[in-house]
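Here you'll find one protein chain in two forms, each presented separately as C-alpha cells under the names structure 1 and structure 2.
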Structure 1
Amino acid sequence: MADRVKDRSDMRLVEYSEIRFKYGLQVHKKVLFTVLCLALAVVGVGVTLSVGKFDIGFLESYIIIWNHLMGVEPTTLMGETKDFIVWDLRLPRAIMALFVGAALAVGGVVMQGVMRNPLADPYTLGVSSAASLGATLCIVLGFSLVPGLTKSAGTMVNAFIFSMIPIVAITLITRFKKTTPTMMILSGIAIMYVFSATTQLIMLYADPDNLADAYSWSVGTLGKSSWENLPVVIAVTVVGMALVSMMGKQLNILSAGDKISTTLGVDTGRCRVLLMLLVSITTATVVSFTGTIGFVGLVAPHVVRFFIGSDNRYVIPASACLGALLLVLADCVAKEAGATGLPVGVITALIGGPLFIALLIRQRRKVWN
C-alpha cells in the first residue's frame, strides 16, 4: 500500500513538473515574441532614418546620432547637412512613430477587451472624428478654444479637447444608465458620424490651402513631429501603458463577461470606465499631434493574439512593440512613396486592410477566446 501511495505521489510530481515546464515554454515564447518585435522596431528606426529625399546610410545614421550625443561637431558642410536631417528632422519623426504606434496598439487591446468585440479599437468611441473636427475648426475657420495660441498650437489643443467630448458623453451615459458594451460601441459610432459629417461640411467651404492642411491632418501624418512635442507624447504614452499593464488581470476577467467578472469580485462598471479613460486620454494626446492614424490599433492586437494567445498580461506589451514596428515601417513606405511622400495614415490603411482580411481567412482557430 505504501509503495502504491509513493508511486502516485511520484506520478503527480512528474505531471506537475511537466505542466510547469510547458507553462514556462509558453511564457518564454511570449517574451521572445515581444523582444523580437522590439528589436525589429529598433532596426526599423535605423531604416526610417536612412530613407527619404536625401539618402543616408543605415549605419551612418546611427553614427551621426552617436556623434551628436557625444558633442562631436561635423567638420564639413555635408556633415552639417546630414546631422540636421537625421537629428532635427528624421529622429523626432521616428521616435514619434514608435510611441504613437505603441499607444494605438495598446488602445486596441484594451478596447477589444473592454467591449468584448474583436473589431473595437480606440476610434470606435468617436475619439478620432471628434479630434478631426476640433483641428478642422482651427485650420479652416481659425477658431481656437484657447485664445492667443498659434495656429499649430491651437490645432493641437482643439484636437485634444474635442477628442475628450465623446469620452465624457459616454461616461455620463454609463454613470446614469446601465449600459452594455454593445451600447457603448453604438453610442461611439453615432457620435463619430455626427462629428465626421460636421467636419465634411466645414471642409466644403474651406479655401484650397486650408483644405489641404485639414485633409493631411485628417488622414494622419508624422511630418509635424519635433523635439518640442515629443516629451508630452512619450510621457503620456509611457504612463498610460504602465497603468493599463497593471490592470492586465482585470482586463482578462472583463473579457470573460460581466457575470463572471462580478462573481470574481471585479467592479465591472468602475473597471471598464477607468480603462476607457486611460486609453482615451492616451489616444487623444497622440491624435492631437499626429492626426488620425487607423488600423494600427485594430491589426496589431490580432496579430499578437494569433502568435501568443489572449492573455492580456502579455498581449499588452507585445502589441505595444508590434504597433511601434508597424508604424515605423509604414512611415518608411510613406516617405518613399512618390516625390512628396504620402501621409502615414494612408499607408497604414492600405497595408492594414488586406493584412486584416488575410488574418481572418487564414485563421483556423479562434484566438479571441
Structure 2
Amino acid sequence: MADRVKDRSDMRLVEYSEIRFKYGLQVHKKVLFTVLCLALAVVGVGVTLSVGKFDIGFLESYIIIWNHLMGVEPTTLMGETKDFIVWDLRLPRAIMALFVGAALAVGGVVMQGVMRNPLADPYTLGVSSAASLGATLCIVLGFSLVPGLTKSAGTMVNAFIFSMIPIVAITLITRFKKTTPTMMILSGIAIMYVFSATTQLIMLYADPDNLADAYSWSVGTLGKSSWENLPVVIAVTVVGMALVSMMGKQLNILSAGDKISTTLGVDTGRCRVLLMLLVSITTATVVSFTGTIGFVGLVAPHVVRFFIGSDNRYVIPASACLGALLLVLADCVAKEAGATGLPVGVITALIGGPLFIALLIRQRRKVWN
C-alpha cells in the first residue's frame, strides 16, 4: 500500500481553474470519440452498400440509390435486379446493422453496470437460450404461440415472447426476495441450462433440414432485414436507448455498490429492474429479427471504456456508436466471406474473441477490478 506520490512536488495544491479546464478537456475527448465512431459508422454504411456477392461496381451502387430516390425506373432486367439488390437488400440491411449494433452495445453497457460484472452482455439473463428455444419450437415443431402465423412470422413472435421470460422471472423473484446481481446471474445460468436442454432435446428428433434452419437462426444474421422490418426495430431501439441514456447517472451509482446506491438515494431494486426491463425489451425485439448476434454487446463497452473511461453518461452513447460501427463492418465481411456469405454472428464471434484478448493484454488502465 505504498503511497503513489514519489516526491513533494506532486502533492501541490492544484487551482480550481486548472482542474476545471482539464476536466472539460476530458469531457471533450469523450464526446469527440463518440462523434468519431458515429462518423465512421456512417462511412461504414456507405462502404457496405457496395459490398456483396452480386457484382455491382463501387460507384454504381450509389448511382442506383440516387436514381431510386429520384424516381428513375430501371429499364433492363439487369437494372431491375441491381436496383433490387442495392435498394431492397443492401440498404435496409446496412441501416438495420446500425441500430442493432447500437442497441446490443448499449444493452451490454447496462447489463455490465447493473450486474457489476464485466462479462455481462444483453443475453446474460438467459435471453439467448430462451429465444433459441422459442425459435426452435416454431422451426422444428411448427408450434407457434400465436396461432395462424406463417413459419417466419411465428418464429419471430415465439422468439420475442420467449426472450421476455427471463426478465419476467427475475422481476417476480425480486418481488418476493431481495436479489443481488450475483443471484440474477445465477438465475440467468439456470434458465440457460433449462432452455438449452429443451432445445437440444427437440433438435435430437428434428429432421436435418429443420435442424440446419434452427441452428443457423441462433447464429445470428442480418439477412432478414427489409423495409418492412426496419420501422419496428428503429422505433424500439431508439426509444430503448434514449430512456437508458437518461439513466446514465443512476447506472454510475448502481455500479458503485448497493449500499452506496441506497445511501445516495437510488432505489437499487427498482432501478435495476427498470434498466433490465428496457434492455430486455430492446434485445428481445432485435433478437426476433436477427437471431442472437453475439459479442457486440460484450466487447463494444470494453473497447469504449478503454478509450474514455467508465462514466456511463458518456459510455452509453459512445458504445451505441461503436456498436453500430462494429456491426456494419462485421456485416461487410460477412457478406463477402465463403461461397455464399456467412451469417454475421460468425464474424462477430471471430472478431470479438481476439479483440477481447487484445484488450486484456494491452490494458493500461484497469477498467475493472
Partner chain sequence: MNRNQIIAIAAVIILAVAGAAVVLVTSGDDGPSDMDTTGRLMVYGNATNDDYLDNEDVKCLEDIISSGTWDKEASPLADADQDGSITEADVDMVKRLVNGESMTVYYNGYSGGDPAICKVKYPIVNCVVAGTNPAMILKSIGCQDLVVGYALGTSPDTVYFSDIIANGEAVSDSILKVDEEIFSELGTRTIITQDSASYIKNESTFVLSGADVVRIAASNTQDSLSSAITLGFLMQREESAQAYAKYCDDLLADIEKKLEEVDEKVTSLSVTMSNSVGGTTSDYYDATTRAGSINIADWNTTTQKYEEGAEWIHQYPAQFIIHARTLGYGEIDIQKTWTSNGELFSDTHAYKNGNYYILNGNIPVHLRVAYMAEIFYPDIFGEGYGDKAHQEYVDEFLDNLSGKYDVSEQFVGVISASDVS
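Each residue is numbered by where it sits in the sequence of structure 1, with counting from 1. Basically, rigid core = biggest C-alpha set you can superpose within 1.5 Å across the two forms. Note that this is a predicted model, so its numbers are computed, not measured.
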Looking for the form predicted on its own among these two structures; is it 1 or 2?
1
C-alpha of L32 off by 2 Å or more between the two structures on rigid core:
no
For a quick test of reading the superposition: does F306 move by 2 Å or more at the CA between the two structures, rigid core aligned?
no
C-alpha of V42: shift of 2 angstroms or more between the two structures, rigid core aligned?
no
Cα displacement of G57 between the two structures, core-superposed (Å)
4.0
For W66, CA displacement between the two structures after the core is overlaid, in Å:
3.2
